[in-house]
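Below you will find one chain, with nothing else, as structure tokens; this is the form predicted on its own, and questions on how it binds or moves follow later.
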Amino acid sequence: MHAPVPDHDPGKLLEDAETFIRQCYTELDREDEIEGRLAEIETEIAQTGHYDHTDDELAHGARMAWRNSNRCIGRLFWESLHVLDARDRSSAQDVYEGLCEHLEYATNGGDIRPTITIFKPMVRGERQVRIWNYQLIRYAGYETDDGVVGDPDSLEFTEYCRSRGWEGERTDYDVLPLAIETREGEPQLFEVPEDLVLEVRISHPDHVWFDDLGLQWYAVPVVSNMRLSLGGIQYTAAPFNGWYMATEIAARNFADGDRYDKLSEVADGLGLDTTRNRDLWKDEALVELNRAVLHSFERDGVKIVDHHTAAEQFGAFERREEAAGRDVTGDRSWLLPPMSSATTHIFHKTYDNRIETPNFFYQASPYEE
């Protein structure tokens, strides 16, 4: 979801704050505190043009934002989101340390915990913190005479990092540095400590030759380029994670033609004829890629979910929301798994794709700007 950052308007800020506070405090069974809290916020906005969320508002608001994320199939677990308050961190070094703490806490030895770390918000339209990375852990991509080495999706950001003096080892799996922008000026680059990057080497339960593909992937997908909009306050740095659905890695990152593009290699290993689409070699290769990813994560004790279970969990989320008297919004094109989608209940339903707040919104890429 792309949405422009709202202009600084104290009247609109107060209106958005009231909408949020009434819903938040009602859900927390604290209705008797609403009017007093709104009076405090109104005074704060009148005096400073800004207001600060309490710890409880920040935590429940972040969970509401996950619940309202139309593209996410994993929303059943929204109430379990661990919220780490990092609003007191000002310098790039402080932010970097907060991101390292996030990775350590969320990774949890493979028993991954849904986590969000929330840094300083925009104040009167002024941005305080921004993380330039798409995800905290992401592999670099390099243009070579023989094609791309690494992840083609990272070419531009890799080139930016190299322009700032960073040089990777030019392998398929170089972890990019963190680019952290604060009010101090130009973004600073920090290496992600190796001991905070849990990676899974991909093997197949039945095919030994699969090891020769040399595939691996990182365990925790921490999205770091989105803006958390919460009660009119904009948090431009609020990295968050759940755990992977296997198709995200196997049917997209490894299989997409503009990513690692491994489908033909898997098909060759399986001895499939790739000359005719009607032989469904792509489908067979996709299944085996997914089997390999699920097998490998399970082997290493790293939490992951298959797409059939994820769809069933989303169905449970829908039932819970209905019981709570809330409508479920959704972007069906994203909720449908990228394979076997007709076997899920989502395929047979339609969803209202209206945007509710609190929510997460994409931000323009700063290195492309």
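Start at 1 with the first residue shown and count on from there. Note that the structure is predicted; figures quoted are calculated from it, not measured.
One more form of this protein should be noted, the form predicted together with a small molecule, which is absent from this view; the next part is about it.
*Asks:* Among S203, Q188, N253, Q234, which has any heavy atom within 4.5 Å of the small molecule in the model of the complex?
*Replies:* For this set of options, the contacting one is N253.
*Asks:* What is the one choice in W281, F157, F210, Y218 with a heavy atom within 4.5 Å of the small molecule in the model of the complex?
*Replies:* By the 4.5 Å criterion, the partner-contacting residue is Y218.
*Asks:* Do all of P121, R127 and Y362 end up near the small molecule in the model of the complex, with near meaning a heavy atom within 4.5 Å?
*Replies:* Answer is no for this spot.
*Asks:* At the 4.5 Å heavy atom threshold, is R89 in contact with the small molecule in the model of the complex?
*Replies:* Because no heavy atom of R89 falls inside 4.5 Å of the small molecule in the model of the complex, the answer is no.
*Asks:* Can V223 be called a contact residue for the small molecule in the model of the complex at 4.5 Å between heavy atoms?
*Replies:* Judged by the heavy-atom cut-off of 4.5 Å, V223 is in contact with the small molecule in the model of the complex.
*Asks:* Taking the small molecule as it sits in the model of the complex, is M245 in contact with it (heavy atom to heavy atom, 4.5 Å or less)?
*Replies:* Heavy-atom contact with the small molecule at 4.5 Å: present for M245.
*Asks:* When the contact criterion is heavy atoms within 4.5 Å, does N108 count as touching the small molecule in the model of the complex?
*Replies:* No, N108 is distant from the partner.
*Asks:* Counting only non-hydrogen atoms, which stretch in 260-268, 93-101, 79-87, 135-143 is within 4.5 Å of the small molecule in the model of the complex?
*Replies:* Selected range: 135-143.
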